[in-house]
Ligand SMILES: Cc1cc2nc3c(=O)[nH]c(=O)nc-3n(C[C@H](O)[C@H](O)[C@H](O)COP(=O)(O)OP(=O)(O)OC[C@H]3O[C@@H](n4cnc5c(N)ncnc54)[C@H](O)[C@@H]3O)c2cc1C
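Have a look below at one chain only, the form predicted alone, in structure tokens format.
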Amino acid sequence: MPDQLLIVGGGFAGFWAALAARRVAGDRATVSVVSREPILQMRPRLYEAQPETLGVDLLPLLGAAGVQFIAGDAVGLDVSASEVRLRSGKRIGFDRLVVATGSVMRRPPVPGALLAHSIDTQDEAIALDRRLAVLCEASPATATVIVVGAGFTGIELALELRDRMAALGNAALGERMKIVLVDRALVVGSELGEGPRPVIEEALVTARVELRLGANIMSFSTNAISFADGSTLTGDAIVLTTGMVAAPFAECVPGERDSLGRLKVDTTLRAPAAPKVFVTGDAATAETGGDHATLQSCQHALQLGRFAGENAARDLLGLPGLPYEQARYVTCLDLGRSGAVLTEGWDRRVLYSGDEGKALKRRINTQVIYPPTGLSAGALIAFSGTAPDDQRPPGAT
């Protein structure tokens, strides 16, 4: 019976881990992906209009690559028995395991946070779109949308909202609408550094997005936020974009974690306390070089997945692992009608903004992060190689 190489998670990291594992293992192992559904959610794009279109059916691609798909929700891991347990009670054995279970949004630990919308998953983004559609149909004199979290996703969403209302059929309401961006930090995009901040701030001013910074939220209701200073902000829709933590399954892997719940892996992405387990994507934290750790981003997940799948297969075949590397780091932030800003390096030097930046952002969002189509099975599998990022198109954040 062939060895079993199991990947838990069907996101960016899991998909590319599966293809890389198949490329290395060939017919010497069975490669399987376990996920709730065979859909790759284009999570970096869920701030955009028409979120119902932002999913990719993985079954044809996995099938072409000779990767099995197992529908199920992984909830437990027995390292000593080399088994993954599904919510259904089924147990799946493995000879090597890749944990690619991604991340989930971290809601603020305050009363009522579950009442707010989010765009963390495709279903949640569709639910927000339905709420915005109700406002468009009602066509009130004005409306207020509050975005909580002035980081990467919050900025992109706030700057896209007027055009989303137009896409839903009420451009006039979109123009009249009040958009408020709330954060406890004193600046927008605090994690993005000072480099792109002037460009971001200018775009927010141009889009008439109001800022409420240094805000300490005490509670949420369906249509209001209460702050520590006693004030209240009411809105017709409240959306959280409050950062991510590793999804719960990562807790099943023994080992040390960072503040985001990500497992600290070695240079080959192996879990040090579980030699048959490799952890990747948003579930792992690894060094990228220069004392910088990986981010919970599509850009890093694509490369982390390739390395984890390759190294799990190499380990299974008795071959030495390859040290993970991420040769290039870029950030490309959509700024709505103001274009986009693209930076390079960890100091985030601005390379492009405005229309030039927008063209690159569109290419990233519609091409670079998508699995390739129209390739033969061999070419598809070959595309999972772990070449340095500077030999590929710019990655997405």
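Treat the numbers as computed from the prediction; the structure is a model and nothing was measured. The numbering used is simple: start at 1 and walk along the sequence shown.
The next section is about a form of this same protein that is not shown, the form predicted in complex with the named molecule.
Trainee: I'd like to check something about residue 308: if you look in the predicted complex, is any of its heavy atoms closer than or equal to 4.5 Å to a heavy atom of the named molecule?
Mentor: Residue-level check for residue 308: no, no contact with the named molecule.
Trainee: Please tell me whether any heavy atom belonging to residue 183 falls inside 4.5 Å of a heavy atom of the named molecule, as the geometry stands in the predicted complex.
Mentor: It does not: once the named molecule is placed as it appears in the predicted complex, residue 183 has no heavy atom within 4.5 Å of it.
Trainee: Is there any non-hydrogen atom of residue 301 lying within 4.5 Å of the named molecule in the predicted complex?
Mentor: The answer is yes: residue 301 has a heavy atom within 4.5 Å of the named molecule.
Trainee: Examine residue 338 and determine whether its closest non-hydrogen atom to the named molecule in the predicted complex is within 4.5 angstroms.
Mentor: Result no; residue 338 lies far from the named molecule in the predicted complex.
Trainee: So the named molecule isn't shown here. In the predicted complex, which residue out of 349, 28, 362, 36 has a non-hydrogen atom within 4.5 Å of it?
Mentor: By the 4.5 Å criterion, the partner-contacting residue is 36.
Trainee: Tell me, out of 226, 268, 144, 296, which residue has a non-hydrogen atom within 4.5 angstroms of the named molecule in the predicted complex.
Mentor: Comparing distances to the named molecule in the predicted complex, the residue within 4.5 Å is 296.
Trainee: Within 4.5 Å, heavy atoms only, one stretch in 229-237, 209-217, 165-173, 72-80 touches the named molecule in the predicted complex. Which?
Mentor: Every other range fails; the passing one is 72-80.
Trainee: Heavy atom within 4.5 Å of the named molecule in the predicted complex: which residues of 102-122 meet that condition, in order?
Mentor: Residues within 4.5 Å: 102, 103, 119, 120.
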